[in-house]
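Below you'll find only one chain, the form predicted alone, shown as C-alpha coordinates.
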(Lines give C-alpha, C1' and ligand atoms only; values in the text may rest on other atoms or scores of the structure.)
Protein backbone atom coordinates (compact mmCIF):
# COMPACT_ATOMS: atom_id res chain seq x y z
CA UNK A 1 0.00 0.00 0.00
CA UNK A 2 1.42 3.37 -1.04
CA UNK A 3 1.91 6.23 1.42
CA UNK A 4 0.44 9.47 0.08
CA UNK A 5 0.40 13.02 1.43
CA UNK A 6 1.54 16.60 0.92
CA UNK A 7 4.93 18.17 1.59
CA UNK A 8 3.16 20.85 3.62
CA UNK A 9 2.48 18.12 6.20
CA UNK A 10 5.60 15.96 5.91
CA UNK A 11 8.75 17.72 4.69
CA UNK A 12 10.83 16.12 1.97
CA UNK A 13 14.00 15.83 4.13
CA UNK A 14 11.90 13.93 6.68
CA UNK A 15 10.60 11.55 3.99
CA UNK A 16 14.16 10.91 2.83
CA UNK A 17 15.34 10.22 6.38
CA UNK A 18 12.46 7.83 7.08
CA UNK A 19 13.07 5.75 3.96
CA UNK A 20 16.82 5.65 4.51
CA UNK A 21 16.72 4.85 8.21
CA UNK A 22 14.18 2.08 7.59
CA UNK A 23 16.43 0.74 4.80
CA UNK A 24 13.61 0.83 2.27
CA UNK A 25 13.73 0.00 -1.41
CA UNK A 26 11.14 2.41 -2.76
CA UNK A 27 10.11 5.09 -5.23
CA UNK A 28 9.11 8.55 -3.96
CA UNK A 29 7.06 10.56 -6.46
CA UNK A 30 6.52 14.31 -5.97
CA UNK A 31 3.98 16.28 -8.02
CA UNK A 32 4.39 20.05 -7.84
CA UNK A 33 2.32 22.36 -10.03
CA UNK A 34 2.07 19.83 -12.84
CA UNK A 35 5.73 18.78 -12.74
CA UNK A 36 6.86 15.41 -11.44
CA UNK A 37 10.01 14.48 -9.58
CA UNK A 38 11.22 11.06 -8.46
CA UNK A 39 13.60 9.83 -5.78
CA UNK A 40 14.55 6.14 -5.66
CA UNK A 41 15.88 4.29 -2.62
CA UNK A 42 17.68 0.95 -2.54
CA UNK A 43 18.14 -0.70 0.86
CA UNK A 44 18.22 2.66 2.60
CA UNK A 45 20.37 4.59 0.15
CA UNK A 46 19.29 7.29 -2.32
CA UNK A 47 20.43 5.89 -5.67
CA UNK A 48 18.58 7.92 -8.31
CA UNK A 49 16.58 11.13 -8.71
CA UNK A 50 14.80 12.84 -11.58
CA UNK A 51 13.27 16.31 -11.89
CA UNK A 52 12.99 17.19 -15.57
CA UNK A 53 15.38 18.05 -17.09
CA UNK A 54 17.73 17.19 -14.19
CA UNK A 55 18.85 13.74 -13.02
CA UNK A 56 21.04 12.48 -10.22
CA UNK A 57 22.29 14.77 -7.46
CA UNK A 58 21.19 17.96 -9.25
CA UNK A 59 17.62 16.69 -9.41
CA UNK A 60 17.73 15.66 -5.74
CA UNK A 61 19.02 19.07 -4.65
CA UNK A 62 16.37 20.86 -6.70
CA UNK A 63 13.59 18.77 -5.20
CA UNK A 64 14.74 19.79 -1.71
CA UNK A 65 13.71 23.36 -2.58
CA UNK A 66 10.03 22.34 -2.72
CA UNK A 67 7.88 23.18 0.30
CA UNK A 68 4.59 21.94 -1.11
CA UNK A 69 3.30 19.33 -3.53
CA UNK A 70 1.69 15.90 -3.40
CA UNK A 71 3.86 12.86 -2.76
CA UNK A 72 3.51 9.09 -3.00
CA UNK A 73 5.88 6.44 -1.64
CA UNK A 74 5.72 3.02 -3.29
CA UNK A 75 7.74 0.25 -1.66
CA UNK A 76 9.71 -2.45 -3.46
CA UNK A 77 10.09 -0.36 -6.62
CA UNK A 78 13.63 -0.47 -7.99
CA UNK A 79 15.48 2.42 -9.62
CA UNK A 80 15.75 2.43 -13.42
CA UNK A 81 19.38 3.59 -13.11
CA UNK A 82 22.05 4.33 -10.49
CA UNK A 83 22.98 8.01 -10.73
CA UNK A 84 23.77 8.75 -7.08
CA UNK A 85 26.47 6.92 -5.12
CA UNK A 86 27.01 9.30 -2.23
CA UNK A 87 25.95 8.19 1.27
CA UNK A 88 22.39 9.40 1.88
CA UNK A 89 23.27 11.33 5.03
CA UNK A 90 26.05 13.29 3.34
CA UNK A 91 23.83 13.82 0.29
CA UNK A 92 21.00 15.23 2.37
CA UNK A 93 23.29 17.50 4.40
CA UNK A 94 24.90 18.82 1.21
CA UNK A 95 21.49 19.44 -0.33
CA UNK A 96 20.19 21.34 2.69
CA UNK A 97 23.38 23.41 2.78
CA UNK A 98 22.98 24.29 -0.89
CA UNK A 99 19.35 25.23 -0.33
CA UNK A 100 20.19 27.50 2.59
CA UNK A 101 23.28 29.11 1.04
CA UNK A 102 21.38 29.98 -2.15
CA UNK A 103 19.35 32.53 -0.21
CA UNK A 104 20.63 36.08 0.45
CA UNK A 105 22.33 36.88 3.74
CA UNK A 106 19.87 38.07 6.34
CA UNK A 107 19.18 37.88 10.05
CA UNK A 108 16.05 35.97 9.05
CA UNK A 109 16.22 32.23 8.48
CA UNK A 110 13.99 31.89 5.42
CA UNK A 111 13.81 28.11 5.41
CA UNK A 112 13.08 27.90 9.11
CA UNK A 113 10.27 30.42 8.62
CA UNK A 114 8.89 28.54 5.60
CA UNK A 115 8.89 25.24 7.50
CA UNK A 116 7.12 26.79 10.49
CA UNK A 117 4.49 28.56 8.41
CA UNK A 118 3.61 25.44 6.47
CA UNK A 119 2.62 23.76 9.73
CA UNK A 120 -0.40 26.10 9.62
CA UNK A 121 -3.28 24.26 7.95
CA UNK A 122 -4.77 26.28 5.12
CA UNK A 123 -1.62 28.13 4.15
CA UNK A 124 -1.04 27.91 0.38
CA UNK A 125 2.19 29.68 -0.51
CA UNK A 126 4.78 32.13 0.82
CA UNK A 127 6.89 34.80 -0.86
CA UNK A 128 9.62 37.10 0.44
CA UNK A 129 10.15 40.22 -1.67
CA UNK A 130 12.83 42.90 -1.35
CA UNK A 131 12.17 46.62 -1.76
CA UNK A 132 13.23 46.46 -5.42
CA UNK A 133 10.55 43.89 -6.20
CA UNK A 134 12.88 40.90 -6.41
CA UNK A 135 11.59 37.59 -5.05
CA UNK A 136 14.32 36.40 -2.68
CA UNK A 137 12.44 33.42 -1.28
CA UNK A 138 9.31 31.50 -2.24
CA UNK A 139 7.57 28.23 -1.53
CA UNK A 140 6.40 27.73 -5.12
CA UNK A 141 7.86 28.75 -8.46
CA UNK A 142 4.81 30.61 -9.69
CA UNK A 143 4.17 33.89 -11.50
CA UNK A 144 2.86 36.62 -9.20
CA UNK A 145 2.19 40.32 -9.75
CA UNK A 146 4.93 41.70 -7.51
CA UNK A 147 4.26 45.29 -8.56
CA UNK A 148 0.63 45.00 -7.46
CA UNK A 149 1.69 43.54 -4.11
CA UNK A 150 4.12 46.41 -3.50
CA UNK A 151 1.50 48.94 -4.62
CA UNK A 152 -0.98 47.68 -2.01
CA UNK A 153 1.66 47.78 0.71
CA UNK A 154 2.96 51.25 -0.08
CA UNK A 155 -0.59 52.63 -0.42
CA UNK A 156 -1.39 51.31 3.07
CA UNK A 157 1.73 53.00 4.43
CA UNK A 158 0.86 56.24 2.63
CA UNK A 159 -2.64 56.29 4.13
CA UNK A 160 -1.21 55.67 7.60
CA UNK A 161 1.21 58.59 7.21
CA UNK A 162 -1.58 60.90 6.02
CA UNK A 163 -3.60 59.99 9.10
CA UNK A 164 -0.51 60.41 11.31
CA UNK A 165 -0.82 56.78 12.35
CA UNK A 166 1.98 54.20 12.75
CA UNK A 167 2.69 52.02 9.74
CA UNK A 168 0.48 48.91 9.73
CA UNK A 169 1.87 45.72 11.29
CA UNK A 170 0.31 43.77 8.47
CA UNK A 171 -2.18 44.10 5.63
CA UNK A 172 -4.89 41.53 4.91
CA UNK A 173 -6.44 41.54 1.43
CA UNK A 174 -9.39 39.47 0.23
CA UNK A 175 -8.44 37.77 -3.03
CA UNK A 176 -11.38 35.72 -4.30
CA UNK A 177 -12.03 33.32 -1.47
CA UNK A 178 -8.60 33.51 0.13
CA UNK A 179 -6.50 36.06 1.96
CA UNK A 180 -3.25 37.71 0.95
CA UNK A 181 -1.30 38.56 4.10
CA UNK A 182 1.44 41.21 3.78
CA UNK A 183 3.94 42.00 6.52
CA UNK A 184 7.24 43.87 6.56
CA UNK A 185 10.01 41.77 8.10
CA UNK A 186 12.49 44.64 8.12
CA UNK A 187 12.97 47.83 6.09
CA UNK A 188 14.07 45.80 3.05
CA UNK A 189 11.88 42.68 3.07
CA UNK A 190 8.16 42.09 2.66
CA UNK A 191 6.57 38.77 3.61
CA UNK A 192 3.60 37.68 1.47
CA UNK A 193 1.41 34.75 2.51
CA UNK A 194 -1.58 33.26 0.66
CA UNK A 195 -4.02 31.46 2.95
CA UNK A 196 -7.64 30.38 3.13
CA UNK A 197 -10.00 32.93 4.66
CA UNK A 198 -10.82 30.92 7.78
CA UNK A 199 -7.25 31.27 9.09
CA UNK A 200 -6.93 34.02 11.68
CA UNK A 201 -4.08 36.52 11.09
CA UNK A 202 -3.10 36.31 14.75
CA UNK A 203 -2.20 32.64 14.27
CA UNK A 204 0.18 33.56 11.44
CA UNK A 205 1.64 36.40 13.52
CA UNK A 206 2.29 34.07 16.46
CA UNK A 207 4.16 31.60 14.22
CA UNK A 208 6.32 34.40 12.79
CA UNK A 209 6.96 35.80 16.26
CA UNK A 210 8.03 32.47 17.72
CA UNK A 211 10.13 31.40 14.74
CA UNK A 212 12.06 34.64 14.22
CA UNK A 213 12.07 35.68 17.88
CA UNK A 214 10.96 39.21 17.02
CA UNK A 215 8.43 41.51 18.64
CA UNK A 216 5.46 42.19 16.37
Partner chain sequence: MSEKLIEEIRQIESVEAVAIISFKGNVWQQTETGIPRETIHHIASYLLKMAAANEKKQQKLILAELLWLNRSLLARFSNGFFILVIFRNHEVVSLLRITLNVTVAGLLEEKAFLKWLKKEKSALDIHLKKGQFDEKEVRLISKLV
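The term rigid core refers to the maximal set of C-alpha atoms that superpose within 1.5 Å between the two forms. Positions refer to the first chain, counted from 1. Owing to the predicted nature of the structure, the values given are computational and were not obtained by experimental measurement.
Unshown form predicted together with its partner chain; subsequent notes refer to it.
Trainee: Give a yes/no on whether residue 36 approaches its partner chain to within 4.5 Å in the predicted bound form, heavy atoms considered.
Mentor: So residue 36 does not count as contacting its partner chain.
Trainee: Residue-level question: is residue 43 within 4.5 Å of its partner chain in the predicted bound form, judged on heavy atoms?
Mentor: No, residue 43 stays farther than 4.5 Å from its partner chain in the predicted bound form.
Trainee: Tell me, yes or no, whether residue 131 is in contact with its partner chain in the predicted bound form, where a contact means a heavy atom of each within 4.5 Å.
Mentor: Yes, contact at 4.5 Å.
Trainee: Does its partner chain come within 4.5 Å of any heavy atom of residue 76 in the predicted bound form?
Mentor: No, residue 76 sits far enough from its partner chain in the predicted bound form that none of its heavy atoms falls within 4.5 Å.
Trainee: Would 148, 154 and 158 all count as contacting its partner chain in the predicted bound form, using a 4.5 Å heavy atom cut-off?
Mentor: Answer is yes for this spot.
Trainee: Let me know the one among 185, 55, 171, 66 whose heavy atoms come within 4.5 Å of its partner chain in the predicted bound form, would you?
Mentor: After the contact test, the surviving option is 171.
Trainee: Which of 27-35, 47-55, 174-182, 66-74 has heavy atoms within 4.5 Å of its partner chain in the predicted bound form?
Mentor: That would be 174-182.
Trainee: Please check if residue 165 moves between the shown form and the other one, taking a CA shift of 2 Å or more relative to the superposed core as movement.
Mentor: For residue 165, whose C-alpha is compared between the shown form and the other one after core superposition, the shift is 2 Å or more.
Trainee: Does residue 133 shift between the shown form and the other one by 2 angstroms or more at the C-alpha, the core having been superposed?
Mentor: It does, since the residue 133 C-alpha is displaced 2 Å or more between the shown form and the other one after the core fit.
Trainee: Honestly, after the rigid core fit, is residue 178 moving at least 2 Å at Cα between the shown form and the other one?
Mentor: Yes; that C-alpha moves by at least 2 Å between the shown form and the other one.
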